[in-house]
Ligand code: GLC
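Single chain ahead, by itself, as structure tokens, in the form predicted alone.
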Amino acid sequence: MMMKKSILSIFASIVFLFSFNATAIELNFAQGGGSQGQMTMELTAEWEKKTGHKVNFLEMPASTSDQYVQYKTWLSAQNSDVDIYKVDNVWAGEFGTQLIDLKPYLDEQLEIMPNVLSAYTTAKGEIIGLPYSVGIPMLYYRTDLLEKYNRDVPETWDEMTETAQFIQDKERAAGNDKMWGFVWQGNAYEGLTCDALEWVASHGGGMIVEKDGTISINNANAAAALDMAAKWVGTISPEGVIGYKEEDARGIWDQGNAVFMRNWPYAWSLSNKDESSVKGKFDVVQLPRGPNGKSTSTMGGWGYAVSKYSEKQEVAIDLVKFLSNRDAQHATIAEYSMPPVYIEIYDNKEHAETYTLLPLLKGPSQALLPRPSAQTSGKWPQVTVAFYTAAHEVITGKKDGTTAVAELEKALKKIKGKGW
């Protein structure tokens, strides 16, 4: 009797395994490498154990631009081999018609912060990606220097400019001739689009192209914002700032040679390392506002999307939902220190003990502004080049703000043509 029962148990196990393997599906997932890629792979391993499915990761080039080109090639060819793409939040307009509308399949993901989810929402209201983290630019400031000179944390760009100049002058008079007031991203690339959009929007100058597709950049507030930044170059910011990207700004900051810095959350942990000259001497706050607007931070971040050409859409959708739910956020926040996409997690005391930046990010997370990629559809790559080129011409002194925004409006109308 025992032998019969044992044989039946073995048979049942064989049948179970056969059934399990017979229904197992293999997905192909395109993403970049680095810590974010590692995080996705670790979470996916848990999903594989849970479902019995298998995921093959296709590692993309480190350059976001190169990833974009590869994705465009595959999607244009209606490639069915790639099921899931890790996407930049500005690609919704470009790839929206080639990615699955996830909205009908969502539950808790619909509770993601509305401003964050909107970056993955097309003009038609389709949600074509699920964010797993959000990029939140902030103003880094030297607590020791503000205390030394009895200065308050600035709330406006004018206050920041005046404080930066005051402390820079005092420090140089004391012998630190390498001190600068403010470092930021001034190179002609997407980073300048992010910076300049913050200046313009925080001055009440709109968001280049509004949600209804209206081109709004040609206005006095936008011009004044660009002129403001131009005055920083060579005064509170190095002449070389017109060629800076994120790491260039952080390099000067980490050496202890800047009072203020505009940068993303990744710089927090790096600036708190032992080799940084500013460890324990700084804090962050949301970016300043202009005289006619409010604090604005350009949204960064990545998410997951499912290809319309995938032959395994149901399973792929299940995976991207798993990767963007609250459990996934809680499981990775301590190790990877990426700002979450659910607002209540910013108040989690347990996470705050290991990720001390977290509570400070809550305010800035509510001031995020998506770049107008959804409303400009597939023409966003041309729009952003036109915008950061115009901004660069102002900060390099080639044009004044009024001229630049007027000419930019004409350029954008040509790009728009008969419609976005």
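Start at 1 with the first residue shown and count on from there. Given the structure is predicted, the values throughout are model-derived calculations rather than measurements.
There is another form of the same protein, the form predicted in complex with this ligand; it is not shown, and what comes next is about it.
Between this ligand and the residues A316, V116, C194, I217, the one pair within 4.5 Å by heavy atoms in the model of the complex involves C194. For the candidate set W184, W157, W302, W180, a heavy atom within 4.5 Å of this ligand in the model of the complex is found for exactly one residue, namely W302. Here the chain stands by itself, but in the model of the complex one stretch of 81-89, 142-150, 230-238, 208-216, 81-89, has heavy atoms within 4.5 Å of this ligand.
Using a 4.5 angstroms threshold between heavy atoms, Y189 counts as touching this ligand in the model of the complex. This ligand in the model of the complex comes within 4.5 Å of no heavy atom belonging to H392. This ligand in the model of the complex comes within 4.5 Å of no heavy atom belonging to D101. In the model of the complex, no heavy atom of S377 sits within 4.5 Å of this ligand.
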